[in-house]
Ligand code: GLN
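Okay, so here's just one chain, in structure tokens, the form predicted alone.
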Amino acid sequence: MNAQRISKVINKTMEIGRQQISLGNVATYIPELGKARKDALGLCISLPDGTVYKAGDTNIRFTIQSISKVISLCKALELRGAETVFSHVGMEPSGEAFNSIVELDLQSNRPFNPMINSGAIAVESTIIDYVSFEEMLEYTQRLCSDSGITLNRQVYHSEMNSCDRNRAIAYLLKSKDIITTNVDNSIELYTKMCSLNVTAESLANFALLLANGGICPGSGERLLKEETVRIVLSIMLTCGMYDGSGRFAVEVGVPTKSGVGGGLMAPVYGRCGIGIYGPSLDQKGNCIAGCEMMKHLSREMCLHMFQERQSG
């Protein structure tokens, strides 16, 4: 697909996204997130050759929220290995809301997967004694090719003052010996990771790294092991969009992770990285404009992993 065609698709994609914004709402259960500008919308597509297509609010800083779960999972897999990580958390879709506690208490001792809150907190507990937040911040900057990523202290404090459910989840995990380290330290690292300021462009950069098998396209440096990328993309495809993951996989067919800050991060393996920002969310906590935008991009650019790629 040539540059002119891509630009035309992007313009139409933005138009489709803007039509969806009024149908959603910004997150307010974390008070600081409720201050986001509901009509903000940005789309960034990064290609392996260094070409970047941008439209809308791609440089607005917003908090990464649950997309940080992908980064923490990458670090845990690289640092502790898959066997250790998945002794604390499963690999299966939960079918429940991202902050649900029901299935954890009634159906399974381990959280179902690393993309829901209980699973992410369990993952953080596997690395808390091995890495500091400052090291995780630097790691995030490298994966996103964005040295401007910082901790949003306002959002962090707002989250810490309203994270009773996450604390309940963490202590339930502690009671089941899934978390064997300090609960407060795990919650603190989890919340700080969720409170990192990113842009749609930095999410596209991270997505491109994953799409390129863990090798930085610009430098040729391997930042993630091939096995790590394979595991992470598989879990993103089946679990990355909360309890809407199945429908999204059918309709879009691209591993994608959402965050309640409004971000979407989508690696199209071997082709490109996509980052979207839109703080207006659907009832499942996903960017409402971004979901429709990804459907359109998938159709027009033949991005679905089970669709034959067309030329032109």
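Numbers for residues come from their place in the sequence shown, where the first is 1. Model, not experiment: these values are computed from the prediction.
The protein also exists as the form predicted in complex with the named molecule; that form is not presented, and the subsequent description refers to it.
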item	value
Candidate stretches 190 to 198, 122 to 130, 174 to 182, 219 to 227 - the one whose heavy atoms come within 4.5 Å of the named molecule in the predicted bound form	190 to 198
Whether Gln65, Glu159 and Asn166 all lie within 4.5 angstroms of the named molecule in the predicted bound form by heavy atom	yes
Listed residue (Gly42, Pro267, Gly259, Pro279) with a non-hydrogen atom within 4.5 angstroms of the named molecule in the predicted bound form	Gly259
In the predicted bound form, the residue from Ser72, Asn117, Ser186, Thr140 that sits within 4.5 Å of the named molecule by heavy atoms	Asn117
Partner proximity in the predicted bound form: Tyr242 to the named molecule, non-hydrogen atom cutoff 4.5 Å	yes
The named molecule contact in the predicted bound form: Ala36, any heavy atom under 4.5 Å	no
The named molecule contact in the predicted bound form: Ile60, any heavy atom under 4.5 Å	no
The named molecule contact in the predicted bound form: Ala249, any heavy atom under 4.5 Å	no
Residues of 28 to 47 having any heavy atom within 4.5 Å of the named molecule in the predicted bound form, listed in sequence order	Tyr29, Ile30
